[in-house]
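Just the one chain here, laid out as structure tokens, in the form predicted on its own.
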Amino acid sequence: MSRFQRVDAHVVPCQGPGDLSGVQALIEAGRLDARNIVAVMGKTEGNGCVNDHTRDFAATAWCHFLAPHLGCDAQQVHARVALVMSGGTEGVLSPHFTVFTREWVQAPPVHDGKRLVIGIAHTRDFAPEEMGRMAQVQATAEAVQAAMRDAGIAAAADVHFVQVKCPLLTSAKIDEALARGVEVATRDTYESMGYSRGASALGVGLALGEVDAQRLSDAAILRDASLNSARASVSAGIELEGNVVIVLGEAPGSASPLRIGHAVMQDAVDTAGVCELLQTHFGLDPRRDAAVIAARLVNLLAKAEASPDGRVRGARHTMLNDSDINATRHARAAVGAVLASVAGRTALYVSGGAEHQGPPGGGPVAALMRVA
């Protein structure tokens, strides 16, 4: 007898990176079965930079929370559930977790179209000298393809969003590599976040056929901005050594109550691109159908970065020159406000640092929508 994939998603607010009381309440109310949790994408209230330990704190809290439900120890949870914690909820953004569940049901879908599916995969751990280089690109591409198989997605066109969590270089990792006589992509720990994100994004683009493999090299990473993915979202952190990959897409035969669509914001204030996404994929006008969007929207998933040329629509911005607040924090706040103005809500997944993720100064955006 055939079984059908059913994926659901819940957005759960939190009072801090370790606060899972909202998740517990859903479980106690019978709305969420912890055994079916396959991925968690969290927005935590740290600085999103190298020393943001709120990401590790949140991931550790989830591991200890899920271990008894999954019948394993906390360390084994990472292998079974994709935990992606993105630091930084500047401006109006609200800390929250987006919890994805997947189960296999006997009842066939009651529709003829495509619905949401999800797949996860992990790369191997990377040596310090591999981060931000072709080794990370290739390993990420292989993991994306594995996650597509896990999701049951055959065509790259049916992939709408690929969330990757990648590692960064710390001083200890850099010193260890240099002691072995090997050079790393950069000796700047903060800059290493960009290299790791960029290489991972190019891996997504390679897997989905968005970039030409012949144009990829170590030298192209963070230098050739014409190479980018319209569906990659990558967050770097200190809490892991390899990449975690979540593929979100659609497939026929899915019994999920959700759909997903994606677009690309051309710059940080591209409300038109977000509105077009809602209209094209879901037939909803943000002004006319605000109440419907409020009722059906699960989350907007987006990337944000300060335009590297120092301008937004021809006007100079100062985000890159602020010595007090990092540019990625400015960008998250700006894009978060733009998306909130369209969605009418602030618990939105906006991740900073969009190297090779959409055009320079812009970035991919996807909408998770509950079917009417």
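Sequential numbering from 1, following the sequence displayed. Remember, predicted model here, so these are calculated numbers, not experimental data.
As for the form predicted in complex with a further copy of the same chain, it is not shown, yet the points below apply to it.
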Notebook entry, point to check: Hey, of 169-177, 202-210, 135-143, 229-237, which bit sits against a further copy of the same chain in the predicted complex at 4.5 Å between non-hydrogen atoms?
Noted result: 169-177
Margin query: Contact check in the predicted complex: 56, 91 and 312 versus a further copy of the same chain, with a cutoff of 4.5 Å between any heavy atoms. Do all three pass?
Written below: yes
Notebook entry, point to check: So, in the predicted complex, is residue 325 in contact with a further copy of the same chain at a 4.5 angstroms heavy atom limit?
Noted result: yes
Margin query: Taking a further copy of the same chain as it sits in the predicted complex, is residue 15 near enough to touch it, meaning that at least one heavy atom pair lies within 4.5 angstroms?
Written below: yes
Notebook entry, point to check: Given that the partner is absent here, does residue 223 sit within 4.5 Å of a further copy of the same chain in the predicted complex, heavy atoms only?
Noted result: yes
Notebook entry, point to check: Is residue 189 close enough to touch a further copy of the same chain in the predicted complex, meaning at least one heavy atom pair within 4.5 Å?
Noted result: yes
Notebook entry, point to check: Of 70, 320, 38, 26, which one comes within 4.5 Å of a further copy of the same chain in the predicted complex, counting heavy atoms only?
Noted result: 320
Next item on the list: Note that a further copy of the same chain is not shown here; using its position in the predicted complex, name the residues of 31-68 with a heavy atom within 4.5 Å of it, in sequence order.
Entry: 45, 47, 49, 50, 51, 53, 54, 56, 57, 60, 64
